[in-house]
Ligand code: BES
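Before any questions on how it binds or moves, here is one chain, the form predicted alone, in structure tokens.
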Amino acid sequence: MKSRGINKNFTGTKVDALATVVFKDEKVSDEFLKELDDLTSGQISSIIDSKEFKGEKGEVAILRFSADKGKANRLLIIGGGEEEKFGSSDIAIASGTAARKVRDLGLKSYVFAPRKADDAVDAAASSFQGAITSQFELDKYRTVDKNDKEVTSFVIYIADAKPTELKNGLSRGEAIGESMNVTRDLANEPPNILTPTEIANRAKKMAKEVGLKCEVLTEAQMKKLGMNSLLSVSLGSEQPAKLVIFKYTPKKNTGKKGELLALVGKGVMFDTGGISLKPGENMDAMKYDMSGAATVFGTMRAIALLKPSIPVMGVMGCVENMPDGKASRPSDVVTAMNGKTIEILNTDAEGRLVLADAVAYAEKKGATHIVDMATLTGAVVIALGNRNTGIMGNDDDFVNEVIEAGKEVDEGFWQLPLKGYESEVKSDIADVKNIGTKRRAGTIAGGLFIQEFIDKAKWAHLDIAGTAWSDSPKGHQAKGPTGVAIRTLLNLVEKSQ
């Protein structure tokens, strides 16, 4: 999608549609809205006065211009909700909502005025990110009934903004929006196409394009490192496991000496449950079980493009969990990279087995701070639904940093406790078992298990099982993968500079 920024002549922009925000209970009182009201022969005043349009968040009105009064065909009024609460994520949602409506109308271009833009760079970035992520659809492999409409040109209007601010904001928005869509595309890929080997190949290609270092460990290499926990998951699959490592190194490191943040993702490319076989119904959704790895992929891509001044490592543990004569059995015992023994009581609790070796590897390579993310438990969906991501960790200050980074981009995280639950993962015959007792505190048990493989690093675990995809479309985005946590992680990185 092409983009440009303007700071004057909103109504004279050569585009197919104009789009702007009207806030809850707002009247046509300022000069900007009065001009638009005149162009539409009073239609804005009319729909507001009649309560046909109340300015509620996500509300949309599509108006026609009076003859010869505007260059565009339509004016889209997007509800912004309460003005005092209207932030960067709301700007992205409003712009994305406008973009999808513009596309539905068969139009190709629009100019968007967020109106409330305290920080021009941030407002431009959020606007363009919303436009880009709005265009993602699930129909990549359709040959009929495919949505071929697209918005090809986006213009941001922020009055009196400096051209450099608009340019920098658009560049930032493009990096974040496209990286979110890369993550969503990966999560949506069929498992026969996106195998561990394929995602590793795509990782190497992406890294070369954006300037990251990328290393891929084979099963033989992982075996030498003692990564028998991760490898136990892929024993039943014909697809070999891969450990993908990204490294971003800034030209000048402004972070604290010796600190290294690692982002670690669960990449179970397809999860049958292994010998502890899942029910057949809804098993197709298990192609999403690599959403944690996809999040690392997209976040590292954005980091390389945004160039923060601290180093970041990304680790993706990529496997396929299948039932087979060679597959792990309930009651097997394996030894992880850090030397701890694991009693595998349920082969469908496999993501934590992957993460155990992945976080241990990250710490061995120098990570002092680790954030792992995984579609780990169904229990977190029961507890928190699809609004908040579950978060746990071994350092409350670090966990709070992640939570605050999320609040600033309107991504919700809810902390669950670990202390006092340690007995849930203690095994009778090994150091640790991979499920809790009688299914109680299931999300906490998953976090406790991973914690066993952290030595000294500050660590936070994100259980994104309820937030990594949406079962229904929204005004600003399609159903399916959401790209959750990418904006939070980027904010965390940039706040750590």
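One rule holds for the numbers: they count along the sequence shown, beginning at 1. Being a predicted model, the structure only gives us computed values, none of them experimental.
The protein also exists as the form predicted in complex with the named molecule; that form is not presented, and the subsequent description refers to it.
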Go through 129 to 137, 265 to 273, 195 to 203, 334 to 342 and give me the stretch that gets within 4.5 Å of the named molecule in the predicted bound form, heavy atoms only.
265 to 273
Just to be sure I understand the contacts: of Gln415, Asn228, Asn346, Ser109, which is the one whose heavy atoms reach within 4.5 angstroms of the named molecule in the predicted bound form?
Asn346
Of Ala383, Met286, Ala327, Leu305, which one comes within 4.5 Å of the named molecule in the predicted bound form, counting heavy atoms only?
Met286
Might Ala465 be said to contact the named molecule in the predicted bound form, defining contact as any heavy atom within 4.5 Å?
yes
Spell out, yes or no, whether the shortest heavy atom distance between Arg352 and the named molecule in the predicted bound form is within 4.5 Å.
yes
Determine whether any heavy atom of Ile435 comes within 4.5 Å of a heavy atom of the named molecule in the predicted bound form, and answer yes or no.
yes
Under a 4.5 Å heavy atom criterion, is Ala379 part of the interface with the named molecule in the predicted bound form?
yes
